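Here's a solo chain for you in structure tokens, the form predicted alone.
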């Protein structure tokens, strides 16, 4: 996999500051997917975070581009010796975009809302272990946990845990009000979202005056927009076959962005015949990962055999356990009672990896007797039918949330894997702080879901970002689904 060598955001900014003023102005950033709405705390759609994470909304902690956790709205914190109490000291002088003060009451409101019984938060389970959120004073808030959780600072960095205000929560889906370096400007649905520089920002201000996120779903239209220089950046460019052409053009820079996106053939574990582990294992041997990477992604992507990022130090390469072997797949299907195969559905969301990959996978499954009827869905349909309704046999989606193997411990999650032994491992991992013991648990979890062939593990998503040569400060890796524009600027 090829990576462009470029200065980090911090060092690039430091050098530019040393040599003179940063170049501000406006920037147009294209994305393939438009958010269904603008509340990151009540939806599973990563497209919301792609626009709003760090730009408009902030949490107590936040991710940097290398995956590190740094202070966000909390300038510091203290953790009790027993690991059950987290005391956060908040940054001073923080206001929401509507001018109201952000304080400990807003933190309590946000976290209580995220973990409430009727919460629509897609990651509610991450905050269920918080037993209370208490306001110590306006700039101090205390979280009490039912048991130690070594991932709590990490969990609080997710877009699902950003701090919102009760005064603006009713209109958040259309008029988001956060504390970030940019404030919401306008949304022309079906076209674009514009963010404006927040001149009253409490931290290091953004350089750009305005950022317009333009939504271009069609790969051909994406190519035309970049070549015509109608957009300044295309983050997650959807047609990797064009990358060599951009690399050869001095007007552009190409970043192959390493993501957290485990791209999987998600399988409904409660729907026959996928409730039979032998059928799931047979299907895993019917899939040629490299053919999918080459055919759908033009070589961009790293094969995976479990739900874990290959760049993570605790990753184990388990691809050999589900190697491409169509004859073995046919034999296993026969042993499971499906010698003549079966029919199922393959419901595909809009991204190119899903639509293109789906055609290849359907052909591979057909070779072993599995007829997968393809349905192309828009994101709103996918979220309703597949993610919420669990009305599917198979689907393809890239899980871009960081370190998210814990979703397999949720029996009601859309692929409906229910194994108490795995849930126990996850509980132990959440409570463990020792790195060596955490690694041991993470390895066991990876192996268990691979052996159970819960899903078809395809590849780790690597996405090209195409930018004009004068753009500085873009993330070169994506530890969470975000297009952080807070330090981006034009080269002088």
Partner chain sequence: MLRFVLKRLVSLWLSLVVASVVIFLFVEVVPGDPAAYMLGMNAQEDTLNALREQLGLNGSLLERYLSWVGGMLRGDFGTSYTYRTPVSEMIGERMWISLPLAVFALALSTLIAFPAGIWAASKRGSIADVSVMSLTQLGVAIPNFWFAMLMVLLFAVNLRWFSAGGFAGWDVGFLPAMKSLTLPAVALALPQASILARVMRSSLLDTLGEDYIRTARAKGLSRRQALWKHALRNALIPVLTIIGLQFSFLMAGAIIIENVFFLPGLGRLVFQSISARDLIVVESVVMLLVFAVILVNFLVDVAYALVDPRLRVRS
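We call the rigid core whatever largest set of C-alpha positions still superposes within 1.5 Å between the two forms. In this text the structure is predicted, and so the values were computed from the model without any measurement. Positions refer to the first chain, counted from 1.
What comes next is about the form predicted together with the partner chain, which is not displayed.
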Original post:
Is the partner chain close enough to 82, 154 and 319 in the predicted bound form that each of the three has a heavy atom within 4.5 Å of it?
Top reply: no
**OP:** Answer for residue 399 alone: is it within 4.5 Å of the partner chain in the predicted bound form, judged on heavy atom distances?
**Re:** yes
**OP:** Answer with yes or no whether residue 229 is in contact with the partner chain in the predicted bound form, where contact means some heavy atom within 4.5 Å.
**Re:** yes
Original post:
Can residue 43 be called a contact residue for the partner chain in the predicted bound form at 4.5 Å between heavy atoms?
Top reply: yes
Original post:
Does the 4.5 Å heavy atom contact test between residue 35 and the partner chain in the predicted bound form come out positive?
Top reply: yes
**OP:** Please name which of the stretches 35-43, 463-471, 448-456, 428-436 has residues with heavy atoms lying within 4.5 Å of the partner chain in the predicted bound form.
**Re:** 35-43
Subject >> Residue among 209, 112, 167, 384 with a heavy atom within 4.5 Å of the partner chain in the predicted bound form >> reply: 384
Original post:
Considering 344, 259, 253, 123, which brings a non-hydrogen atom within 4.5 Å of the partner chain in the predicted bound form?
Top reply: 123
**OP:** Between 181-207 and the partner chain in the predicted bound form, list the residues on our side with a heavy atom within 4.5 Å.
**Re:** 187, 189, 190, 191
Subject >> residue 377 C-alpha relocation of at least 2 Å between the shown form and the other one, rigid core basis >> reply: yes
Original post:
Does superposing the core leave residue 405 with a CA shift of 2 Å or more between the shown form and the other one?
Top reply: yes
